[in-house]
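Shown next as C-alpha cells: one chain only, the form predicted on its own.
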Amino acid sequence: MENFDITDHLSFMKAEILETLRLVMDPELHINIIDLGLVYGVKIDEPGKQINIEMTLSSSYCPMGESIVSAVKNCVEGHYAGFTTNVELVWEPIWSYHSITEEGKKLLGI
C-alpha cells in the first residue's frame, strides 16, 4: 500500500481513492478490498484523466474476480467524474493472510 508523500500534490487524491475503495466488498468474505490487502497501489495520470489501480485477488482462480474488478472501476469512476479507471491485476507479490490489515482480521473474527 502507498504511503502519503507531502511533496506529491496527488497524494491526497490517492489517499481519498484508497478510502473510497473501502466501499468495494469481497462478495464471499464481506470484507472490503483494502482491509483484505488486495490493493497494492494507485497511480494518477492527471492530464490524461486516468486512474490506475494495481491490485490482486486472493487467488488467480477467484470466481468473483471479474465482479470485484468491475466494482472497483464503478466505485472509482462514480466518485471521480471525468476520470477513467484501469485495473491491473498482478500476481506478485502473491496475496497471503499476512496482507490483511488488523481491522480486516477483526472483521473476520481472527
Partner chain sequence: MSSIKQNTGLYRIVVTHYVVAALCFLILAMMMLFSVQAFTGHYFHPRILAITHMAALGWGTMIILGASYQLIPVVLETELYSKKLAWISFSLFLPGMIALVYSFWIFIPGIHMQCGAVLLLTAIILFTINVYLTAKKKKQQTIQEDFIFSACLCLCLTAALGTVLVFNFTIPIFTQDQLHFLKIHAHLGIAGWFLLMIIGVSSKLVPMFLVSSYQKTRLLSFSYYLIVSALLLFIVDSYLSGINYRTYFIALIGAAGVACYLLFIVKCFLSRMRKRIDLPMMSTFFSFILLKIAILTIPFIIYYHLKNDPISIRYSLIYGVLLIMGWITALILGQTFKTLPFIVWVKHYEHLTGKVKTPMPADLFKNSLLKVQSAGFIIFCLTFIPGCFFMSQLLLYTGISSLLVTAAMYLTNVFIILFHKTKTYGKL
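Being a predicted model, the structure only gives us computed values, none of them experimental. Residue numbers count along the first chain shown, from 1.
Just so it is clear, the following notes concern the form predicted in complex with its partner chain, a form of the same protein that is not shown.
Asker: Report whether the minimum heavy atom distance between residue 17 and its partner chain in the model of the complex is within 4.5 Å.
Answerer: Although its partner chain is absent here, residue 17 would stay clear of it in the model of the complex, with no heavy atoms inside 4.5 Å.
Asker: For residue 79, is any heavy atom within 4.5 Å of its partner chain in the model of the complex, or not?
Answerer: Taking the distances in the model of the complex, the answer for residue 79 is yes, it comes within 4.5 Å of its partner chain.
Asker: With a cut-off of 4.5 Å between heavy atoms, is residue 46 one of the residues that contacts its partner chain in the model of the complex?
Answerer: Contact check for residue 46: no, nothing within 4.5 Å of its partner chain in the model of the complex.
Asker: Does residue 39 make contact with its partner chain in the model of the complex, using a 4.5 Å heavy atom cut-off?
Answerer: Residue 39: no, not in contact with its partner chain in the model of the complex.
Asker: Which residues in 83 to 109 have a heavy atom within 4.5 Å of its partner chain in the model of the complex?
Answerer: The stretch touches the partner through 89, 91, 97, 100, 108, 109.
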